[in-house]
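A single chain comes next, written as structure tokens; it is the form predicted on its own.
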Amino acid sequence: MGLNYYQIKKNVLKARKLVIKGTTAAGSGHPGGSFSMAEIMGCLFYKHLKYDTKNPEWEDRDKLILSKGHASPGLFSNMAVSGYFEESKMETLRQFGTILQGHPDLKCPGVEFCGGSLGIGLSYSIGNALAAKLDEKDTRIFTVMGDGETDEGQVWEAAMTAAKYKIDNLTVILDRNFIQQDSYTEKIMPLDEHLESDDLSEMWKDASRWKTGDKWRSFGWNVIEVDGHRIEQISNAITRAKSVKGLPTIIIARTIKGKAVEHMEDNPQWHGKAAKPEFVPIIEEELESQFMISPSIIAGDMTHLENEVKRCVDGRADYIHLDVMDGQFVPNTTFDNEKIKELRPLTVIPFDTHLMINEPVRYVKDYIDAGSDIITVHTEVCDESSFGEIHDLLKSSQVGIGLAINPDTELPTWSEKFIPSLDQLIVMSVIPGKSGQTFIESSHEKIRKLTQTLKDKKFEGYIEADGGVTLDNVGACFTDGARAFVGGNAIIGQNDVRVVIREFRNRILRSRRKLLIKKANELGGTDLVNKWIDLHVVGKKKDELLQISQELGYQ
């Protein structure tokens, strides 16, 4: 069974948008902490948590305890997306008489714990886990805690208790975002090391300063540390936790408060403050503009692909693009499912398998079994029947569903029925199978037209630009509407993959900031542009936004 990567990503986006909708309607709430745990909740709800929305009291369900109860919008939004109640109900958040209060309440079907007073969720979880063991139930307790609440002594008493009683059906996930109500955790009660400045990047850059895991290990816990915004790392950690016997497990997920909205990120102001209605359309645009970078390893040393995968890992690629060529659909050959199977144990980063082969319906299961997380086939070698078979197999296997079109190909009519459930559309911007080509300039217009066409047909996936994408044109590709970018020679062909991926991100971020400033101007002129820019108080983002605004003539 696949990672369910794209489905988790799409549902996380829906949940984040509902958090904004709910907290804005209420005029209060906690978007920052809801966003820092967004991917954590996504992995639980759409991959690992056992539950029944039609029967919330199902005896064999797993239990999710939100100890950091102030982040209830992040819980409720995922419950809405999962089907516990209508998504429109999020607009009743914190209203008198609603089931969606400012903290989780048992009045809401599916809520397991009345979160409010911080520090008691772990104790409550231990009780539930012990009860499940006594009743010999195959029930797992998942507890999401905030780092600020570990200032409470009760947390550490509970930690000792869980270790003593070998509570191995309990998985705690610590949302380690470095910010609590008043300030940065490392200035109030350090879990890692004391923070002298307001620059949290200090803590990210130097792993030798990370002490939180050592504390939990000293209390007898199995500790797994992950990037709390990498779906594949969180999911893998949860799977590993389930296999541990005789020890409770804590997953320390290092996260960013307010993740995915730049002015909220790492900003203590957004611990408990709602966005103003005038900013909501811009925030939604920003949420919909998240992007991914996928190096294509065939641009590297084909005799040592294992090393190219490791370079992608070191470079912090979002996923790894695997071009499979059969020498028939395209003139060249690369590798097949057996090589992918060999590479799979090297990393948990998603494998984005692009099948440039004839009759993909005959072979797609081999690539699922090899460990692909996303599989894309070409429209040129499919029809409605064969792609329907591929589509259903990928969906049932929790593997992302992709279609690709060559530079001289348009989307066929038969594809329209599949568009709402597609996860990705690859737009080839070079002739596939030939190396050393430059980006075909007409691809810009093609992506722009497809972006609007797909939106009209309720496409919720990503358009991926593939072929000749470089630092010089990646920003323009983003502006066109692409949100995933395959880099061959421009990434793998460079000495330092991490540096070049970072520069790719910077170029795309600049295009995104420009897009958002234009959106602000469209909605409210220079007054709203300036208000939007003024929200960005952390780091140097404001300086670049002002520069972009001046270039656009808004200052």
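Residue indices: 1-based, along the sequence shown. All figures in this text were calculated on a predicted structure; none of them were measured in a lab.
Absent from the display: the form predicted in complex with D-xylitol-5-phosphate. The rest refers to it.
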| property | result |
| --- | --- |
| Partner contact for T212 in the model of the complex: D-xylitol-5-phosphate, 4.5 angstroms, heavy atom | no |
| Partner contact for C43 in the model of the complex: D-xylitol-5-phosphate, 4.5 angstroms, heavy atom | no |
| D-xylitol-5-phosphate contact in the model of the complex: Q437, any heavy atom under 4.5 Å | yes |
| Distance check, L100 to D-xylitol-5-phosphate in the model of the complex, heavy atom within 4.5 Å | no |
| Site check D323, G467 and V486: each within 4.5 Å of D-xylitol-5-phosphate in the model of the complex by heavy atom | yes |
| Of G388, P407, G433, G475, the one that lies within 4.5 Å of D-xylitol-5-phosphate in the model of the complex (heavy atoms) | G433 |
| Sole residue of I231, A275, L191, M356 within 4.5 Å of D-xylitol-5-phosphate in the model of the complex, by heavy atom | M356 |
| Option from 156 to 164, 277 to 285, 171 to 179, 425 to 433 whose residues, in the model of the complex, bring a heavy atom within 4.5 Å of D-xylitol-5-phosphate | 425 to 433 |
